[in-house]
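Here's a solo chain for you in C-alpha cells, the form predicted on its own.
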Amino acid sequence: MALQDFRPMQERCSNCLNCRWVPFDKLKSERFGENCPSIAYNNFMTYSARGRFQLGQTILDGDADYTETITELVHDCMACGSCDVTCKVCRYNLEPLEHNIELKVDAVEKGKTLPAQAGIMAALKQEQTMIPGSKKAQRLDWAKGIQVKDLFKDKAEVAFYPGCKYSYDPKLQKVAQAALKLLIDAGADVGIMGNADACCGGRALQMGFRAEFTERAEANIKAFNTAGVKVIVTPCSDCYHALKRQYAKLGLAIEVLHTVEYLERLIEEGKLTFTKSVNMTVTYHDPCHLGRLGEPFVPWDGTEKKIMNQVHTWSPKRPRYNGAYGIYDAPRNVLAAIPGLRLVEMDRIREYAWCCGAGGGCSQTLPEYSAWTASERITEANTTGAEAMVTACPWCEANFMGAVDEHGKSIQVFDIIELVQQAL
C-alpha cells in the first residue's frame, strides 16, 4: 500500500484518543495508564496515532512537508503496535500501525531520514546486519565450540536462527549459546544457517526502509527453502515477528516458533525437566513483537464496502489483528515450571504492555527518548517488588540493562533462557 491508500482511514478516525491510553477496563492505576511512548514523551497530539493520521492527510493534501521537525516526528514512532491494539477495542476499520509505518516509508522514499539511519542501513547492505560495526565474517563466532549441524552441509528439521543482537552482542551471546544447547540436549534435530545466516531485516521495515527489508527477506526465504528445514526457532522477538508475520506475506511457508514456545513443548513432552530451585521473585516483560505483534499472518484478498453508504465492512470478512492472540502464555508457563520462582505481574501486561524503548530503531536513532521509555518500564517493574525483570527479546534486555527508574533505582534483567539454564 502507498500513503494515498490510507486516506479513507485518515478521514474516518474519530479522534477518540483510545490510541493513547490502556483500555479503561484494563486500567489498574493512573500512573501506568498511558500506552504510547511517543505521545507520553512528547505530550503533543501529532505524536499519537490520531495525530499521525492527520499529519498523513496534511502531507497528501500538500499542506505540509517533511521539515526536519516533522521528519523526526515521523520516525519517533517505535512501531510497538500499542496504539493499534487499543484502537481496535472500539474500532474495526483503522490500521494505525500500518499507517505509521507507511508514513515512515513515504518519508524514506522522499529522502527524509534521521542521521543515524544512514550508518544502520549501510551496515545492512554491506554486512547484512543492522548493528553498525559488526562484521559478517564474525556472525557465527557465538557458536564456536558447539557441535551443531551446518544446514548447508547436513540436513536437519529445525533451523536455529539467533538474530543479529544475540549473534554480535558479547553480553547476550551466552543466551544464544544456552538456547541452542537446550535444543541439542533435548534431542532436537537442529542446525544453524552457516554462511547464509543474516539479518532478518525486520527493523528496516519498522524504520520505513521497506525495499531494503524486502530484499533481505526474499534472500532469507530462499536460504531457508534451500536448507529444507521444517521449523525455524528463534530467541529474538523482533526476528519472530519478521518471520512469522512479515515473511509470511512474501511466501514463507515454514513453521516459525519462538524459543519459549519450543521450550514449553519440551516441558509438556517431558523432554525438559528442572532439578534446581531458582528462589527469586520476578516480573515478566512482554516484548511487543512477541506479544501483541506475535499473531500469525492470515491471508486476505477482498474489498471494502459500505452498508447504507455509512458502515464500513469487508467482503469476505477481514482478519483482525488486535494483539489478543500473541505469545503470552508460553513464557509464563515456562516460568511457572521453574521450582522456587515466583511471578508477579506489572500493571501493563500482555497486549497492553509498555514498550521497552528499542522498537522502530529508536534505541539507535533517538537514544534519549528510548532511555526514557525504558526508565518508565523499570519504574513499573520496581513497583511490583520483584527482584528481577525477565523478558524474551535481546533488544528489550539490552535496553533495560543499566536503565534506572524515576528514582534512580535499577533492576536485574534476565532472558527467560538464563533462568531455565539455572534450573537445570
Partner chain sequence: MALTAEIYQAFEDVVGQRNISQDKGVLESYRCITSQSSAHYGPFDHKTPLPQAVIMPGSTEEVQKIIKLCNKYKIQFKASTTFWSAMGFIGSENAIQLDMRRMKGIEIDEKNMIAVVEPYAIGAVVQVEAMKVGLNCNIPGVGCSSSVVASTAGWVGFGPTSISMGVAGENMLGAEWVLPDGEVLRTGSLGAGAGWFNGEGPGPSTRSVLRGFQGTTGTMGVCTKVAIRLHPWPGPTCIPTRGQTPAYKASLPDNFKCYTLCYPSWEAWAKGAAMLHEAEIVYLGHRQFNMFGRDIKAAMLRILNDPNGQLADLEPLLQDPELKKQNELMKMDIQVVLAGMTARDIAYKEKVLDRILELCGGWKSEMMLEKDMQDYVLLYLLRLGHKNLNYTLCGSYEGNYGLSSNVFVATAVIEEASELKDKWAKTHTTIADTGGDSDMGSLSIIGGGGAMGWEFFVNFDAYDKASIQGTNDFIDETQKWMTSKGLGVDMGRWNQDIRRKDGLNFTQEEHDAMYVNAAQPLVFAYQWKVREAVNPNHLGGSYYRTLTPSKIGLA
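Residue numbers count along the first chain shown, from 1. This is a predicted model, so every value here is computed, not measured.
Below, we refer to the form predicted in complex with its partner chain, which is not included among the displayed structures.
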Q) Can you pick the one in A79, C87, A204, V229 that has a heavy atom within 4.5 Å of its partner chain in the predicted complex? A) C87
Q: Given that the partner is absent here, state which listed stretch (216-224, 253-261, 274-282, 308-316) has heavy atoms within 4.5 Å of its partner chain in the predicted complex.
A: 308-316
**Q.** Candidate spot P367, A403 and Q412, all three touching its partner chain in the predicted complex (heavy atom, 4.5 Å)
**A.** no
Q. Is there a non-hydrogen atom of L183 within 4.5 angstroms of a non-hydrogen atom of its partner chain in the predicted complex?
A. no
Q: With heavy atoms only and a cut-off of 4.5 Å, decide whether Y92 touches its partner chain in the predicted complex.
A: yes
Q.
Would you classify N42 as touching its partner chain in the predicted complex, given a 4.5 Å non-hydrogen atom cut-off?
A. yes
(Q) Quick check on C13: any heavy atom within 4.5 Å of its partner chain in the predicted complex? (A) yes
Q | Partner contacts for 314-330, taking its partner chain in the predicted complex and a 4.5 Å heavy atom cut-off | A | W314, K317, R318, P319, R320, N322, G323, A324, Y325
